[in-house]
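One chain is shown next in structure tokens, namely the form predicted alone.
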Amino acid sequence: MKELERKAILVTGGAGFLGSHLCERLLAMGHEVICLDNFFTGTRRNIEHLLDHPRFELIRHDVTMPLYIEVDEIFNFACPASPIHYQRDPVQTTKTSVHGAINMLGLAKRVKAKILQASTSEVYGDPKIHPQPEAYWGHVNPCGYRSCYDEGKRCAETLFFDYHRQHQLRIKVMRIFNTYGPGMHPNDGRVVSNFIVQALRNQPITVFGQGQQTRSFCYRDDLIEGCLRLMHDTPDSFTGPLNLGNPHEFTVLSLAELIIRMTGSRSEIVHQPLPADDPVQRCPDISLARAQLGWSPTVSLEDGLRSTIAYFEALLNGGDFQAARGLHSLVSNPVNMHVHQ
């Protein structure tokens, strides 16, 4: 990461799992950070340790409403990202992706700010190409239960590229693959958080189908490092979209077995029917990220799970979850994180 002058940076969804860690990184780099969140899925717990920081500001606001503020950069992370949350209010999920993109792009246009869109691997749907390169257009059901998120994010990407072509807006678009780590919502319905919470409570671990569907799991710190490199270390001519994720695949069943072993749980694995439109394979082709950013994940699944399990243990036991949330320092190489004070 290059040494940068201090900027005023807006992070929408800044109290969420990834947004809150991005706020931490930007503050560590010396920037002024404005965290915007409506707390639909984000939580003050994720950013309360930042509230007294002299360069941190929190605004409670919904991105579906216009925002008038002066900033140099925008990271648009606002949108519920797990099925259990985005299916709770699917109309609002689509509005958050589409209206939120329109409002943030309008703000960026007005103040001439560079803007990054946190898109998703869900734009590929249930892919027919494996692993998924950025040039693949996807295989998405436009009418299904997941469509509010999948198609909302696809439309947001369209808006970003149209603003870039029509208004010469400086944009970056990253597609996030499965990411995990301290700060995850305990009830977000994703496999890592589900399995860890069930294992710590010695409850049955629910695996859909036979568990042979594959996922690739990228640790939170690796993902945010790639995000920052995309925003700050690439020329404006490189817009993306860019895959960010871990190219090493694991079956869902093997993940469940690993978490049981690491937690020493007495949980048993139970199988349930596959949900509608659940992708059979999901794995990024990160050739472009390696070439453009010199980036690839550095945190192993076991090391990342170790700190994530500690976070959930503290959270479930009512302990010092902020200390647990910071355990990433045990598994991240400070030299490789490129944090500038």
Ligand code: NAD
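Residue indices: 1-based, along the sequence shown. These numbers were taken from a predicted model, which means no experiment stands behind them.
Just so you know, the form predicted in complex with nicotinamide-adenine-dinucleotide (NAD) exists too; it's not on screen, but the next bit is about it.
Among the residues V299, V63, M29, A289, the one placing a heavy atom within 4.5 Å of nicotinamide-adenine-dinucleotide (NAD) in the predicted complex is V63. Using a 4.5 angstroms threshold between heavy atoms, Y124 stays clear of nicotinamide-adenine-dinucleotide (NAD) in the predicted complex.
nicotinamide-adenine-dinucleotide (NAD) is not drawn, but in the predicted complex it has no heavy atom within 4.5 Å of C148. Among heavy atoms of R154, none comes within 4.5 Å of nicotinamide-adenine-dinucleotide (NAD) in the predicted complex. Taking the partner from elsewhere, F177 is found to have a heavy atom lying within 4.5 Å of nicotinamide-adenine-dinucleotide (NAD) in the predicted complex.
Looking at nicotinamide-adenine-dinucleotide (NAD) in the predicted complex, residues N243, G245 and P284 place no heavy atom within 4.5 Å of it.
Heavy atoms within 4.5 Å of nicotinamide-adenine-dinucleotide (NAD) in the predicted complex are found in exactly one of 225-233, 72-80, 137-145, 259-267, that being 72-80. Residues L36, D37, N38, F39, F40, T41, G42 are the members of 22-53 with a non-hydrogen atom no more than 4.5 angstroms from nicotinamide-adenine-dinucleotide (NAD) in the predicted complex.
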